[in-house]
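Okay, so here's just one chain, in structure tokens, the form predicted on its own.
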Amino acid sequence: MIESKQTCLHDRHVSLGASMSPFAGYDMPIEYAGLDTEHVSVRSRCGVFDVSHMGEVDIKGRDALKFVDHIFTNDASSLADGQCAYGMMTRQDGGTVDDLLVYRRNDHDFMLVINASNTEKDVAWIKSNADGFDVEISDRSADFGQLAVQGPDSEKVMKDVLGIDCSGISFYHFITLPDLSIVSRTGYTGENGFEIYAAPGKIIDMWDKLMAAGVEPCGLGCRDTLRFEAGLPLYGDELDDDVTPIEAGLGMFVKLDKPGGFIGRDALAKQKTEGPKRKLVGLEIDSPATARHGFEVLDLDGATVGHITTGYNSISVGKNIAMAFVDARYATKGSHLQVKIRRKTAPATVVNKRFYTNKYKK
């Protein structure tokens, strides 16, 4: 049996009585006071997540910008210093190695923030594609802890509790503090929010201050419900090695015309021109039972036409909803389908997969 890794805050989670469970190789908090309570706290006030399991990779050197653009679907050359961008790393066939954030410090210095479940795979893939580039690739994951402070009151909490004035940080930008901590404004909840990257000891101190101030600790359970309602993908559900960004509806983060191209560019350009055979859609389901990952989606004749990627009885929206990959011919909004939930089928209607209106401060 492989022993789960622990973040720097593991003892804090246990002392708070968090429900712990393995996730991406780590023993992580799933919930504290309860998923619904934590979800509502983030939507209405502020909550804090331990996301120290995420991976951080530095790309430095003369060819850093050129190399990042070679492996990244978005356009790193369009970023200003202190700006970040969301995108994917893709294989030659267009399948998604991972989705990630790229932080540009300057032309010769970038930080990639990658999914915890993919850290080893990503680092190996990045290094395997670095031949011919003058770059230094460093896995910095063990050097950082990370907090995500999320919700309408997050800016006030950052200033009043942690003494960090975030009013000058624009959406998808970041600052570096004198102690080398990084604070960004991106978010993965549909709410205004900030990410803090710092040495583990600093993260522990900040967590303790937030707890003393009464900020709600939140687990990965409500992180999933929050991102899902906002239509944001999770690698392993809406994205994986066999799913392309075009199929997942993330074409806006794929810059096919950027100078020099990128790995997987030709396959994705072909798919965009011809149209994907399957698409990620939102579903409203007429059933009290929840559709879970992997459940079949059927047409009205009972033939399988897709599968559920994520499903919940939405806390904010008050409906039974899901995201699903379906054959492209059924992806039009208003299309009527069925979902097989255990031994029964339930009517479903294709809707916009952004179920909740994002409230990011831009």
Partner chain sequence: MEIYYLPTHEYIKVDGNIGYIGVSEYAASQLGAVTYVDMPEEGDELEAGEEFGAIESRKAASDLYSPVSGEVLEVNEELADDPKLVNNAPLDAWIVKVKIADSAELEGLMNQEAYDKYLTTL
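Numbering follows the first chain given and starts at 1. Just so you know, these numbers come straight off a predicted model, no measurement behind them.
The same protein also exists as the form predicted together with the partner chain; that form is not shown, yet it is the one meant from here on.
Checking 34 to 42, 66 to 74, 331 to 339, 296 to 304 against the partner chain in the predicted bound form, the stretch whose residues place heavy atoms within 4.5 Å of it is 34 to 42. Residue-level contacts in the predicted bound form: of K272, R292, H173, K202, one residue has a heavy atom within 4.5 Å of the partner chain, and it is R292.
Looking at G163, you'd find every heavy atom of it more than 4.5 angstroms from the partner chain in the predicted bound form.
Within this chain, G132 is remote from the site of the partner chain in the predicted bound form, having no heavy atom within 4.5 Å. Contact annotation: Y312 falls within 4.5 Å of the partner chain in the predicted bound form, judged by heavy atom distances. Not displayed here, the partner chain is approached by P288 to within 4.5 Å at the level of heavy atoms in the predicted bound form.
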